Ligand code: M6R
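Consider the single chain below, provided in structure tokens and representing the form predicted alone.
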């Protein structure tokens, strides 16, 4: 989820680009870089760390020029270092490229480039584009034509990407392309822009145009041309941005959390991207463990806190089902104090968005002291937990500003499925065709999420009707139970409502005493083998006066007679339903908090990352 800005016009590009990067830094702050085209060539400066480090580097330095591109990075391929910061250049320093996304087939492309004599200077997937542009601009049917060269390269790339390119021989041209990830054009007077979102240029123009799938943009001072990958010019409508600069950072949303909920389809796509090799087999290239080590695992512990703990519970269901390995899920704060029995045949999976969670870090250190294997599932490249673990699986969810986790926990759940399938593949408990089939099911989730997000207005209306409730219960079975816990946690965090999640089968063992006339009970009931039992639980609480709010699957009428309110989600495999049921739970909690006049992004007493015990 990197931030990108490109500019061509009459102003000094360095200041325009840096201003855009300041507004985009919420999208990534591992490193930053700029490229400015002056009369003699490209001037490129890059620096690891926050944007302030780059600003200090270029402060007082002459970098004249009216064409520039810039980037603020959330690391995926390669750690956050100066060498891995964008822009990346070709061997001759003629091409500069910035990139958001993942090029899934970059290893194949790298091998060909190295055979042809190119020298890599970074560990990123992005650099291959610079070298490919070097070749195609210099020779062949696209010689001397930068837009045609980029169109040609896009046809060879697999994955999700936004690419923005400049060339030292093109003083009036910035070229950009997109697939799956957002790119927007800023339309000015004698100047034009491209950016990850309108935040990049909102201080200069409020006229914008969206770029559609597999389109290439040619940005010049005098105007903008958009083509498809065949070079055919395509029309598009511009629009006026009504947001001010502060709102623009939130993409026009009132709160960052609302924006981050909407970013979840792209986040899941990033988590899944590049995980299949040429044979269609799953590979997790961040894993340092050998295949023999993986096959020797006899038990698994998952340690985490808060929402990450709930993702671990989903991981338990997936790993036990697909791998036939015993899995225990532990609160990281309790793990080391009970002296768990772990050893060399134990895999400990530590889940932490920041990679700095204090309790989870101490659990990692305890597990390592017992000679257990440790796999970090984290969003943050180079974090302490990832460095101190044997291996790391990066969720690639991008920065998350709001305290309450949305796309972070969504990508953690996705990562849990990937770990389960990878272990099953190596241990032989699922054959390759089964792994491919499960990955195909997972690949449909981003589109289903997009569809689901488009029908959340009734959920918001329902939430507003619940704004004065002081107690809400959540029920679920199987993978619905962790989502009941997550729904209750979100409501506590955001709206300060007394909320609890229970396994639906436990309701008669005490919690049903909490039911009074009108008590809201949210039941997570997508189509599942335990559906009949769950319907019985709905009837039990409704008979005692509960207001039943049921999350069910499209087309499933079995629970409708017992539901006061219904929220439908698209159909998918039952094990994958948490990736969909979590969305209305997020929206419900956020909207109740908004209706109560509360700060959705910064709930009282909470911090984004808990770095002390």
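Residue numbers count along the first chain shown, from 1. In this text the structure is predicted, and so the values were computed from the model without any measurement. Superpose the two forms; the largest set of C-alphas matching within 1.5 Å is the rigid core.
Just so you know, the form predicted in complex with this ligand exists too; it's not on screen, but the next bit is about it.
- Comment: 307 to 315 is the region of 206 to 214, 533 to 541, 307 to 315, 275 to 283 lying near this ligand in the predicted complex, near meaning a non-hydrogen atom within 4.5 Å.
- Of the residues 126, 84, 405, 149, just one reaches this ligand in the predicted complex with a heavy atom at 4.5 Å or closer; this is 405.
- Put simply, of 227, 180, 354, 142 only one has a heavy atom within 4.5 Å of this ligand in the predicted complex, and it is 354.
- Contact check for residue 493: a non-hydrogen atom falls within 4.5 Å of this ligand in the predicted complex.
- Proximity of residue 412 to this ligand in the predicted complex falls within the 4.5 Å heavy atom cutoff.
- Remark: residue 489 counts among the residues lining this ligand in the predicted complex, judged by a heavy atom distance of 4.5 Å or less.
- After superposition on the rigid core, the Cα atom of residue 562 is displaced by less than 2 Å between the shown form and the other one.
- Legend note: Cα of residue 417 to Cα of residue 27 is at least 3 Å farther in the predicted complex than in the depicted form.
- Annotation: residue 602/residue 26 CA-CA distance shorter in the predicted complex than in the displayed model, change of at least 3 Å.
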